[in-house]
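Encoded as structure tokens, the following chain is the form predicted on its own, with no partner shown.
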Amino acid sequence: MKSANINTFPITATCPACGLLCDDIALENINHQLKVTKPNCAKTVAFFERAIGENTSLIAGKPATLQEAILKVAEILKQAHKPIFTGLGTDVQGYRALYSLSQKTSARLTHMNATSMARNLKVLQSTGWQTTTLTEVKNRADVIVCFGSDLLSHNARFFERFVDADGMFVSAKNRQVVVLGEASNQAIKSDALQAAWVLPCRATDLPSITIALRALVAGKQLKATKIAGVKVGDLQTFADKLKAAKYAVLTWVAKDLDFDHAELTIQNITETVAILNKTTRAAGLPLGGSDGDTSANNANTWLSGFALNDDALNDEHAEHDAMLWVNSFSPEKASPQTDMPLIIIGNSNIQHQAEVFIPIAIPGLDCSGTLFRVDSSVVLPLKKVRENNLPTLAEVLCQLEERLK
């Protein structure tokens, strides 16, 4: 029996710590301190169990009221001719408010994940692609290919929820999983991944391997016996598995493809999908997703008609005379270095040396909100699961816009 002086009640919540947006998180609120009871996901635990940080706005490191801080930000933005809004770690509502403010201030918008987002965007814009959803993976995929072996560090429960679970048209035991990447020493709790066929290679070898695989799937003959240390015979067996599959899914995390012209590797993967679809069914699945990047890109596209970062791909050092850094979800991610006035609006646990700092409510913790899942197929609601008197990002920016009139 719990002690009478402990206030505890169960909560089911959605976790915004990665792009999967798992909506089966079980929490307990014990004396206003959250405890994750399931699942045992390190990202989920870190997000929900983080203590409430500094609740006071700061100007030059000194405590200030919210209104004083907003007036100081307005002063900085009025004097700026080329402000840049970056970070952009927020939910859909927060991004809409940021976009509106950017229109009033002629600010450039670039997400903290702009570099990895650009790798996927270049392929989508230049050649298009055929992708699937997480639900379709669970219900139909009989062969799943992972390009790169570090997927679990980004989406820890992908295998648990969508591969190890039985689907409508395929059982978990009948799926085949192939991994092209370095051997991982992660503690893997996936039956499918433990049983996967692993073709060891470095991430920087993927350009050569993916173009060879694309050729073999297209029926081409290769004179080489090895490609980047992988036997061509093994790649041929791999290609045959893909062609025999009823529904193959080829997945990757753009953030891990950190080498020159990585977008060409992604294009090799998506073109392999296109070749397979001439005779069977196949789809790509870009995974990852963090800090609201999928939501920011989708919201920017419907508001402006352009993809986010479209005119400033991975250019975080663009010329600017003021920087606004917004970061709701990941306090450990620091703002870029700048000699110009720096404004930080975000998670109360952020360590900073900003001219103005305004702590805000975190969507999914301190306030409700919505986010797009990494596959962009659904928008999931975020709940308020603890008490905090901080304003939302949209509320702060709405007041800021009023001061700029």
Partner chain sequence: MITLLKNGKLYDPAHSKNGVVEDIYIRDGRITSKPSQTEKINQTYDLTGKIVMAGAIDMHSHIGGGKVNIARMMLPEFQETKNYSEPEAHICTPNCSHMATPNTSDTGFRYIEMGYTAAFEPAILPINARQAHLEMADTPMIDKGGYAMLGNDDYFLRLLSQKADQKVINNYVAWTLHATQAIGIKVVNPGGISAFKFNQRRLNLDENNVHYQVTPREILKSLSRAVHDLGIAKPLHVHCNNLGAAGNFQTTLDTMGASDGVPMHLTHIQFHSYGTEGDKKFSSAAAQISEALNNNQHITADVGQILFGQTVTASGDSMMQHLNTKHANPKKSVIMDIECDAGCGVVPFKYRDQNYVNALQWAIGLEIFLSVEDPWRIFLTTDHPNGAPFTSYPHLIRLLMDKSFRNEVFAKLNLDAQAMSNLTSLNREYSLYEIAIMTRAGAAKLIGLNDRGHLGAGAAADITIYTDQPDREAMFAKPDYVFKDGELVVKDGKVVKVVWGKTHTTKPAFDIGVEQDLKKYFDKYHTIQLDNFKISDDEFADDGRGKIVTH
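For clarity, every value in this text was computed on a predicted model and none was experimentally measured. Numbering follows the first chain given and starts at 1.
There is another form of this protein, the form predicted in complex with its partner chain, and it is not shown here; the text below is about that form.
J.: Of 131, 251, 105, 290, which one comes within 4.5 Å of its partner chain in the predicted complex, counting heavy atoms only?
T.: When its partner chain is considered in the predicted complex, the option within 4.5 Å is 131.
J.: Considering 79, 194, 279, 174, which brings a non-hydrogen atom within 4.5 Å of its partner chain in the predicted complex?
T.: So the residue touching its partner chain in the predicted complex, by this definition, is 279.
J.: Does each of 44, 115 and 154 have at least one heavy atom within 4.5 Å of its partner chain in the predicted complex?
T.: No, the candidate spot makes no contact with its partner chain.
J.: Which of these stretches, 49-57, 347-355, 364-372, 334-342, has heavy atoms within 4.5 Å of its partner chain in the predicted complex?
T.: Only one stretch passes the 4.5 Å heavy-atom test: 364-372.
J.: Is residue 66 near its partner chain? Define near as a heavy atom within 4.5 Å, in the predicted complex.
T.: No.
J.: I'd like to check something about residue 168: if you look in the predicted complex, is any of its heavy atoms closer than or equal to 4.5 Å to a heavy atom of its partner chain?
T.: Result yes; residue 168 sits at the interface with its partner chain in the predicted complex.
J.: With the cut-off set at 4.5 Å between non-hydrogen atoms, does residue 136 touch its partner chain in the predicted complex?
T.: Yes.
J.: Taking heavy atoms only, is residue 24 within 4.5 angstroms of its partner chain in the predicted complex?
T.: Heavy-atom contact with its partner chain at 4.5 Å: present for residue 24.
J.: Across 357-389, which residues bring a heavy atom to within 4.5 Å of its partner chain in the predicted complex?
T.: Sequence-ordered list: 368, 370, 372, 373, 375, 376, 377, 378, 379, 380, 381.
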